[in-house]
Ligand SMILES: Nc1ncnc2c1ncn2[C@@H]1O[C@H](COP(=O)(O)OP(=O)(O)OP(=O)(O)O)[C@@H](O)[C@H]1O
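So this first bit is one chain, no partners, the form predicted alone, shown in structure tokens.
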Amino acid sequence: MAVIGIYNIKGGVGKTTTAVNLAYVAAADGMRVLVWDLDPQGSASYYYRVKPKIKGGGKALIARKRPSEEYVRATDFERLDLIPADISYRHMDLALDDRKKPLKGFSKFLKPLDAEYDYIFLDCPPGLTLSSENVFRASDGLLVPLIPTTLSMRTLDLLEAFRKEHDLRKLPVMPFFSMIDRRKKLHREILEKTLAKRRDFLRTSIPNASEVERMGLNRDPLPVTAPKSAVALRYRQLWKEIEARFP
């Protein structure tokens, strides 16, 4: 099993869209996939049409008052399950801080699910918090969507500094460009210069597209509602590139 955290300090960069579409593509390819929606807003849960409710809330989940598998819900798609978000997740840091080992809360929760899934995607809220560090320590790799702008690129520098400071250098980080508008000169320049210089960036980039905006109306992954669209094809390519890093 591989745990992939989808994370950025900044919001609005396409984390949930990435999680929903990559998880679907992986499941369609025959993988057993679980998405853990960690954002109190519950957007991934909404897209997958799963009620955003956890019995006992995030505190009970972290305290492991029930077996981990009891929090898992089926989606409409074969081999694709979800642990929904709950509004109580806004207090997740407090629940973690109450533990004797607050940095291992997520890892311990996921451990019983090892044999059930090939991939687990963690859809993370923005920010740099105790929950974030739990994601880093529970993940086998960190997928970081970035808009090609100066401020978005700066968040990657902040993440790298945090990794060095907290002994997380061995955690693989896979940045990639998301929500690209090629009509914007700055987007084109940053995209081209970065991919030419940095080999750590994934080569596949995701364009900004109207199909993505309509996901909120359709409440389905893009390969379902717009399978031949350029953005759906890009998500398939992105998944193949990521999968190659987890042989």
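One-based numbering along the sequence shown. As the structure is a computational prediction, the values presented were derived from the model and not from experiment.
Below: the form predicted in complex with the ligand, not depicted.
**Prompt:** Given that the ligand is left out here, which of 238, 13, 232, 25 has a heavy atom within 4.5 Å of it in the model of the complex?
**Reply:** Checking each option against the ligand in the model of the complex, the one that comes within 4.5 Å is 13.
**Item:** Contacting member of 34, 179, 61, 50, with respect to the ligand in the model of the complex [4.5 Å, heavy atom]
**Value:** So the residue touching the ligand in the model of the complex, by this definition, is 179.
**Request:** Tell me, yes or no, whether residue 212 is in contact with the ligand in the model of the complex, where a contact means a heavy atom of each within 4.5 Å.
**Result:** Flag for residue 212 set to yes.
**Message:** Just checking whether residue 207 would be counted as a contact of the ligand in the model of the complex - the rule being heavy atoms within 4.5 angstroms.
**Reply:** Yes, residue 207 sits close enough to the ligand in the model of the complex that at least one of its heavy atoms falls within 4.5 Å.
**Message:** Although the partner isn't part of this model, could you tell me whether residue 41 comes within 4.5 Å of the ligand in the model of the complex, counting any heavy atom of the residue?
**Reply:** Close contact exists here: in the model of the complex, residue 41 approaches the ligand to within 4.5 Å, heavy atoms only.
**Item:** the ligand contact at residue 126 in the model of the complex, heavy atom, 4.5 Å
**Value:** It does: once the ligand is placed as it appears in the model of the complex, residue 126 has a heavy atom within 4.5 Å of it.
**Message:** For the interface check, one of 212-220, 25-33, 192-200, 66-74 should have non-hydrogen atoms within 4.5 Å of the ligand in the model of the complex; which one?
**Reply:** In the other structure, the partner sits against 212-220.
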